[in-house]
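Single chain ahead, written as structure tokens, the form predicted alone.
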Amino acid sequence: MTLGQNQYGKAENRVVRIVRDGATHHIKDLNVSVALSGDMDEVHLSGSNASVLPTDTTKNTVFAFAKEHGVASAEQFGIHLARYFVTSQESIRTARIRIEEYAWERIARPGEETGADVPRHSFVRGGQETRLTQVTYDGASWEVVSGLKDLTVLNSTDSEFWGYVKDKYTTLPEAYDRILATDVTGRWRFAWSDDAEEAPDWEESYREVRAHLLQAFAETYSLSLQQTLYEMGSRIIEHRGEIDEVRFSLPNKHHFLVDLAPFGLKNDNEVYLAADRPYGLIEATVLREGREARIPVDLSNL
């Protein structure tokens, strides 16, 4: 028998970090998963724990680092953790940190708009999407892949679908004015990989990438969801020099015109049935020219 790839760590550490700036508070809400690999053969083959840093210790490290280093961004927090695990333990060769970040928006209070000194410590969960990052470090180089999931977008027109292959099982009518909607899951890989290089501004990069993909979705007159996906990825590559690769997984959230004729009513692209399943699933990678694809084809593996 031969032992294959293996890793271990503590998954889904829910960390909430509050920064208290007088009456104004700031919040970062993370779900952090740690995976460590390296010289771990003996724990599998003989049960010896001599090279094993307990997963409970990795959990404690996550919470301690939230205090010691703060959470400037999910990416930077992951970099701090990955560097520590690889450099502090001889048996650990590679650390992979996966982080989900949940957004909160401040609840405005009376008097705030006039600059009055009122408490600012109330929040409502903001945005439906979840911000994602994965930081991997092997002691020599970094790989940072960030992204988001569950960002629901919809165009109520400027979308068509026609001219497709038809066989004896085809019943779908061609559409020349349809709703186009999807739940965006996307990942983008940064060119940065070396401590000698200046790291991106992670927070600005996320805001800008998100804005560009939304603008591309809104501005593309779509003849297919595939076309829209490519425009979204291309716009990010074109405008964000720190990004080398983008991959999207886009379920087509179908909206079907309801037949109102039995009720003596005409449906002029006004009333739709929103079907949640089955759905078309469109996935593709957009690369900067000359770069190699590294993001897994199946994003559930990331």
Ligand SMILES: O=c1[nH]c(=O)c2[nH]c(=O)[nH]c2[nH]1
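Because the structure is predicted, anything quoted here is derived from the model rather than measured. Counting begins at 1, following the sequence as shown.
We do not show the form predicted together with the named molecule, though everything after this point is about it.
- Heavy atoms within 4.5 Å of the named molecule in the predicted complex are found in exactly one of 220 to 228, 91 to 99, 150 to 158, 183 to 191, that being 220 to 228.
- Taking the partner from elsewhere, residue 33 is found to have every heavy atom lying beyond 4.5 Å of the named molecule in the predicted complex.
- Contact between residue 178 and the named molecule in the predicted complex is found at the 4.5 Å heavy atom cutoff.
- Using a 4.5 angstroms limit between non-hydrogen atoms, residue 284 is distant from the named molecule in the predicted complex.
- The closest heavy atom approach of residue 252 to the named molecule in the predicted complex falls within 4.5 Å.
- Though the named molecule is absent from this view, in the predicted complex it lies within 4.5 Å of a heavy atom of just one residue from 72, 172, 107, 211, which is 172.
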